[in-house]
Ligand code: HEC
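Before any questions on how it binds or moves, here is one chain, the form predicted on its own, in structure tokens.
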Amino acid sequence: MGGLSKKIFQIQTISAVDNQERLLLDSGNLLFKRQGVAAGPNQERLTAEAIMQIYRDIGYDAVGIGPLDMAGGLDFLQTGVAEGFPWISANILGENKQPLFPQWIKKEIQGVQVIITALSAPPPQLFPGVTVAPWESILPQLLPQLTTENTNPFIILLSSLSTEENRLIAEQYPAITLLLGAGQHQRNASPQLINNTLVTQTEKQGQYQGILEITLGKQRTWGQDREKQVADLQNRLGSLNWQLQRLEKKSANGTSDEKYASTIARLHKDQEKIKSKLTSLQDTIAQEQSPGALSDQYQCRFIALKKNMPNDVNTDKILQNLNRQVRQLHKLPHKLQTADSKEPFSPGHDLVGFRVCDSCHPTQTEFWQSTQHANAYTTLVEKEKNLDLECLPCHVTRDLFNTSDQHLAKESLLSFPSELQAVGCEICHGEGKKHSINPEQFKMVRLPGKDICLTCHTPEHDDNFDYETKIVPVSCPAG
């Protein structure tokens, strides 16, 4: 969620500086991180409500519905629409095959009709009476309607479909001017022109902010990459200049320039031709960037939302209120343990905690206590985030070598005893119960692999993580 505050700050800052008309769009998979979310009050729904409030406050124009957004149920999304959230989807249909959400939103920018529509990828399990219609059946009906009812529209498609489906759509429907993807497993995708459709995508859930600057033309065709054309011509001109200088120097130093005369003359002609092309191209660029240009033009950039970037003040207030709600939700007496709790671990759990390790490995335990891993849970307490189920998994001791343990209900982490309230020995070396009983038969992992570390040290939480460098300060001494 920290990336969201930085994202809003960037949006506010850019909007204040350039003072241009803008569209704020999101192609979906915005609210949840998994496919199924329990009913009733829980942290995931509280977080989703906070995200929608932030998007409403900043003034998002349209948000496509992705399969992860449906995890809380369609009623949850429809309530958002009733409260003014701009959810759209052209292919989520009810029992009567009528759309359950607005199919498009229309804006006018620089005198051009801009229409934003969306296609949703189906979730793993559909809701009773609900159909997520395939794009093959929706677009043949929708696009003629949009192009007939509006003059020369700039059509934007927000899509949570796969990369291959987006490619097919772009190839078959040139009326779509811009396609913004929201694939669940994709990173930043620089704009690619497919047929007449510009296709691009920003990495999911708060790691980057994508900025697409568009100059609208008189017709819905994308202009050529003029910057590349200029660069190519300048490179050719530079090469010719170098050749001319070299040959003219040789000619001046020689007894006769006849050997080089014809080549020099030819290169001078080529030089003039390229200069003429550059002048013509620069005139074309000036015309295309002026109001009323023929073709649409674009520039794209991705802003990495680094941890040291400023946050938006109003967004931080909403997130602070969310934290208070989460603490209140999870602050139940039967879930909490005091720092001195000696209650036994959950039945069947083979984690023993660092104090058991200390009985045989005092040197290593003393070293561990000097590392940031030992204070990982304390940092959450200091920030009042120790009841946050999004933070806890990386600040307590879990068995990351056990696949089933990685999928334990996050709520169970609230009742972990003090021995596990840290990134302890067993998170790197494996659960220690059997080893503590028979160390010769049950060996521990000596050095965790990179995958173990990357479970928590993700780009979202640690954008400067390098395994080879960071493993050294936390590696226990031998002995």
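Residue positions are given as counts along the sequence shown, with the first one as 1. None of these values were measured; they are calculated from a predicted model.
There is another form of the same protein, the form predicted together with the ligand; it is not shown, and what comes next is about it.
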Interface membership of residue 328, the ligand in the predicted complex, 4.5 Å heavy atom rule: no
In the predicted complex, residue 276 touching the ligand (heavy atom, 4.5 Å): no
Exercise: residue 426 in contact with the ligand in the predicted complex, heavy atom 4.5 Å: yes
4.5 angstroms heavy atom contact with the ligand in the predicted complex for residue 167: no
Non-hydrogen atom within 4.5 angstroms of the ligand in the predicted complex for each of 368, 380 and 394: yes
Region of this chain that lies against the ligand in the predicted complex, out of 71-79, 132-140, 108-116, 382-390 [heavy atom, 4.5 Å]: 382-390
Interface residue in the predicted complex among 194, 126, 360, 233, criterion: non-hydrogen atom within 4.5 angstroms of the ligand: 360
In the predicted complex, the residue from 356, 319, 214, 244 that sits within 4.5 Å of the ligand by heavy atoms: 356
In the predicted complex, residues of 86-120 near the ligand [heavy atom within 4.5 Å]: none
